[in-house]
Each structure stands twice: as structure tokens, then as C-alpha cells.
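Encoded as C-alpha cells, the following chain is the form predicted alone, with no partner shown.
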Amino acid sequence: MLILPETPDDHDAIFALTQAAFKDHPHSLQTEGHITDALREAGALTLSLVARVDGRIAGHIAFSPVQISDGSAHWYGLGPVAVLPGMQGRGIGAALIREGLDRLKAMGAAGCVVMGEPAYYTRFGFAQMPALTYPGVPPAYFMAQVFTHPAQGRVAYHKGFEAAA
């Protein structure tokens, strides 16, 4: 497996695999591929990586800036992260997350937030932080990881997350 930054030639494959990965997810509105496209179009994809297996894109991860009500800078949101359905369970998503977090740290990020399954994301160092909130989501499912500078307040994702199908 190779993990590389996305290229313009990857965009259609990223969209297709993201939509396929979330097709039967119980908490998905089927907008994840559109979210990635909207973030890209807005210039808000701080980091966008693909996992290639046998030359084919098997997974993708996106990181974009988030705003925190205390004004903290250099915080990012992880997501969407997607792996082709037939390739799930092989560690591709985990490798993308680890590589993405390492690259964010190397870029000088202060921290990262994620909305997702605690049993999965805690193994990458994410934890619930009561000082950071995201309205409308059960607190256990909104987690953060501090790299250099803690923050506190309400978190707002980029408006690209409002993209619809």
C-alpha cells in the first residue's frame, strides 16, 4: 500500500469510493463525496491523502480547518475517511488516519477533532474533551487530540460539510 497526496486525476475515484463506502452506513446522509468535493472547491482541503493498493485507489482521508469559538488557530477536522467496501477491514483506514495525523503534526497543527465511533478513534489518540463541544452530537462521539495548543469552546466545521447530494 502507498499513501500519497491526492492529484487532480484522483478526484472522480475519490468521489466514487467515498459514496460507495458510506452507501449503507446507518448515520450517513450520502453526502460524504459531495463534502469532499465542496471542501476541495473551496480550497479547504488542508490535507487529502489516497491509499493505493495494486495501483488502484482503495481509500481516502480528508482534513480541513475548523473554527473554535475561543479563536484557537491551526485546528483541523478529520473526515471524511473512506475505504472501498471490498477492501475494508484490512487496515487501510487506520493507515490513512495514522499517516494523516503524522502529516498534520509535521505541518504545525495545534490539534484535530473527529466525529465518529469512540471505540475506533480512541485507538489513534482521540478522546472526549469536555472543553471542546459540537452542538447536536452526543459528547462521546465528538473527540479531539491536542498536538501543541489546547483549545476550548464550540467547534464549527467548514461550510463544505453542508454540501448536499
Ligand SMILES: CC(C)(COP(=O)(O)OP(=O)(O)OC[C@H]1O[C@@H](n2cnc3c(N)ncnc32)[C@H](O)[C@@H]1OP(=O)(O)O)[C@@H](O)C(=O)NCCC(=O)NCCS
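Keep in mind the model is a prediction, meaning the values are calculated, not measured. From 1 onward, residues are counted along the sequence shown.
One more form of this protein, predicted together with the ligand, exists but is not displayed; see below.
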**Q.** 4.5 angstroms heavy atom contact with the ligand in the predicted complex for residue 121
**A.** yes
Q | Any non-hydrogen atom of residue 139 within 4.5 angstroms of the ligand in the predicted complex | A | no
(Q) If we define contact as a non-hydrogen atom of the residue within 4.5 angstroms of the partner, is residue 116 a contact of the ligand in the predicted complex? (A) yes
(Q) Is residue 22 near the ligand? Define near as a heavy atom within 4.5 Å, in the predicted complex. (A) yes
Q) Heavy atom within 4.5 Å of the ligand in the predicted complex: which residues of 88-121 qualify? A) 88, 89, 90, 91, 92, 93, 94, 115, 116, 117, 119, 120, 121
